[in-house]
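Form predicted alone, single chain, as structure tokens, below.
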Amino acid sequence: MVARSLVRHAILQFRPEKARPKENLARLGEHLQALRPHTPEVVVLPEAALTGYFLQGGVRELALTRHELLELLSQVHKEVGWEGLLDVVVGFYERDEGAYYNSAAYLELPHRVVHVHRKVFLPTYGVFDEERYLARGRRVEAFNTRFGRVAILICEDFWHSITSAIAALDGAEVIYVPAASPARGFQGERPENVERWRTLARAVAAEHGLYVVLSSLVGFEGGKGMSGGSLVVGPEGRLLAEAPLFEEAALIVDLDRERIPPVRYDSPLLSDLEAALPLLLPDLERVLGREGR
């Protein structure tokens, strides 16, 4: 099946009630009902959207298997009365054979789990304590959807340039970034973390000639305010849409896959990276080998 070039996305800047998944699923249904007139084909939700982010030890009680997640969201899809398929990117805490992960799933509702990404970079500094409670993901990879090849990176995963490079080299045309980013650094008009997200998203999109879709939590958990500022950046590195700070919002954006080939032709940074990577692999191996010295 050949993927269509123009795909309507709804980026849902969501405020969950901490540790209350039943209520959050009901509110998600209300949001989907409100989105129906806009006919999105892909809905993108933030990191830990169904439970809130700062669960700590509560992860064990609220984590889901990927199949339980599919069952819950398929029920929401049914209750809303959504006609036809709906693709959803959603962050959740995952349980798998006694291990727990900060994960994000790409679902094709109501039928299947297309892919699950497990967060590789677990922040354990400042207000963050993820590695104390969670196992680390071990892979970054692109995957096929009915709308083309995409990848998911969760929050800090995206702050490391190597992860986006791997996703792009693996064929991703869109990188989805579910995030939960507490506001910090209020020296200017916008929090410094929001400015950092905007800078990173524009740089990654322009370097690799792809779309970056960031969906960020809002709300307060334990006195920490999630900033929001969800955004979409096109393959030229141009900001296409941006949500307000500290409040729920939905961005409706059509992503045009046909923009990607001409952008990559005019700025062939990704093909240059692909050509040069074999030359750089000995240096990567040398740097990794230092650990054993």
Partner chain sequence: MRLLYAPRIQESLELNWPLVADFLTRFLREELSWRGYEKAIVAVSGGVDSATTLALAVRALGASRVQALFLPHRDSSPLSREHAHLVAETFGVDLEEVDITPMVEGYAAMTPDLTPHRKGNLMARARMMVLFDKSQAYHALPLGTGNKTERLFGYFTWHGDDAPPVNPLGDLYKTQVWGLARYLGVPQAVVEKVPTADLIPGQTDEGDLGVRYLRADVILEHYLKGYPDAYIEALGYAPEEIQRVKERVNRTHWKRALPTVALLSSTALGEFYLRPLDYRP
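Numbering follows the first chain given and starts at 1. Owing to the predicted nature of the structure, the values given are computational and were not obtained by experimental measurement.
One more form of this protein exists, namely the form predicted in complex with the partner chain; it is left out here, but the text below deals with it.
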Task: Touches the partner chain in the predicted complex: F143 (any heavy atom, 4.5 Å) - done: no
Open item on the list: in the predicted complex, does R202 come within 4.5 Å of the partner chain, counting heavy atoms only?
Closed with: no
Open item on the list: Even though the partner isn't displayed, in the predicted complex is R132 close enough to the partner chain, meaning a heavy atom within 4.5 Å?
Closed with: yes
- [ ] Using the partner position in the predicted complex, report whether E221 sits within 4.5 Å of the partner chain, counting heavy atoms only.
- [x] yes
- [ ] Specify the contacting stretch among 233-241, 59-67, 29-37, 260-268, defined as having any heavy atom within 4.5 Å of the partner chain in the predicted complex.
- [x] 59-67
Task: in the predicted complex: members of 161-192 within 4.5 Å of the partner chain, any heavy atom - done: A183, F186, Q187, G188, E189, R190, P191
